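Only one chain comes next, encoded as structure tokens, the form predicted alone.
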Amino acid sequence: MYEFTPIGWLKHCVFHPVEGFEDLRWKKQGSMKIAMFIVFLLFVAMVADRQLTGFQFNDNYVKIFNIVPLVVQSVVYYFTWVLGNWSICTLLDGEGTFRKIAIYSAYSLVPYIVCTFISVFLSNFLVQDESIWITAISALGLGWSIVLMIQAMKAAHQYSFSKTLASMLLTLVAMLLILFLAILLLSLFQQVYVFGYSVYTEIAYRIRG
């Protein structure tokens, strides 16, 4: 096994995923601070992709900027994945803790984030006929991150390859359930707030009257 700095462990996992995440697990390494910074960079990459992509490749109306969908697509989806995976793998006797899942999942996002920034940068210099390069870089980043995520979850929970894939598919289902319940709760709280405010307004009106 190897000895690395926190950034060194991140590089080791990104470029050597099969042994990298196993080494990370056995050495009990991994930084939550770095993981949260990576999630922040994921959000920044989403913003850059929407707002800074070259006009030839950007279908978004950049003059109107709404931060909420980008927060959902980055931060909310990430934490929902971590919570869903932890919930599912607890039932399936996985060995990964919530902290491990959070760190390993964040480390797996690095290629996607880097390739997103590269794509955004190139989109401001390439012409439409050269869009294949942007497509290829984006596909590389996504594919690389998927491979890292599979290896990360396999190492975190000590599953076989097939059980890892099954647990990840179940995690996606759990994410849908969590998001659905979250939307229901938000809707319920909104209705309670509207009802309470209506009662308060009615009482205040009668007191003044």
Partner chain sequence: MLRIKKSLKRILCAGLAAAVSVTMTVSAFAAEPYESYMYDTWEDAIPSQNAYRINNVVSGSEMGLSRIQDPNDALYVEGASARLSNPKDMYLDEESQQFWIADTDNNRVLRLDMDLKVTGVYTGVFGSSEIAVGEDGESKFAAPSGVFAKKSLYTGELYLYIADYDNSRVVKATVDSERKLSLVQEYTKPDTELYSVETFNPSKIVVDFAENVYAVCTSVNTGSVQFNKEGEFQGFYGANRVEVTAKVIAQKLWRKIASNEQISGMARNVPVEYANFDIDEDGFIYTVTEAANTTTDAVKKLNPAGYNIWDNETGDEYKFGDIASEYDATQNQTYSTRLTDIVVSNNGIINVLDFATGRVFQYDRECNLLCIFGTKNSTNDQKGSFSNPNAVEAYGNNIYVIDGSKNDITVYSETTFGKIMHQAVELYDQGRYSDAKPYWEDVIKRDGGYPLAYIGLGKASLNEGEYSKALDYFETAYDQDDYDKAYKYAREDFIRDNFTVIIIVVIVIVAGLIALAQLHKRSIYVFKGRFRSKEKEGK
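Positions refer to the first chain, counted from 1. None of the values given here were measured: they were computed from a predicted structure.
One more form of this protein exists, namely the form predicted in complex with the partner chain; it is left out here, but the text below deals with it.
The three residues T5, K63 and Q128 all sit with a heavy atom within 4.5 Å of the partner chain in the predicted complex.
The chain is drawn here without the partner chain; in the predicted complex, the stretch among 50-58, 148-156, 178-186, 30-38 whose residues come within 4.5 Å of it by any heavy atom is 50-58. This chain lacks the partner; the member of T135, N124, Q73, T90 within 4.5 angstroms of the partner chain in the predicted complex by a non-hydrogen atom is N124. Taking the partner from the other structure, the partner chain in the predicted complex has a heavy atom within 4.5 Å of a heavy atom of K11.
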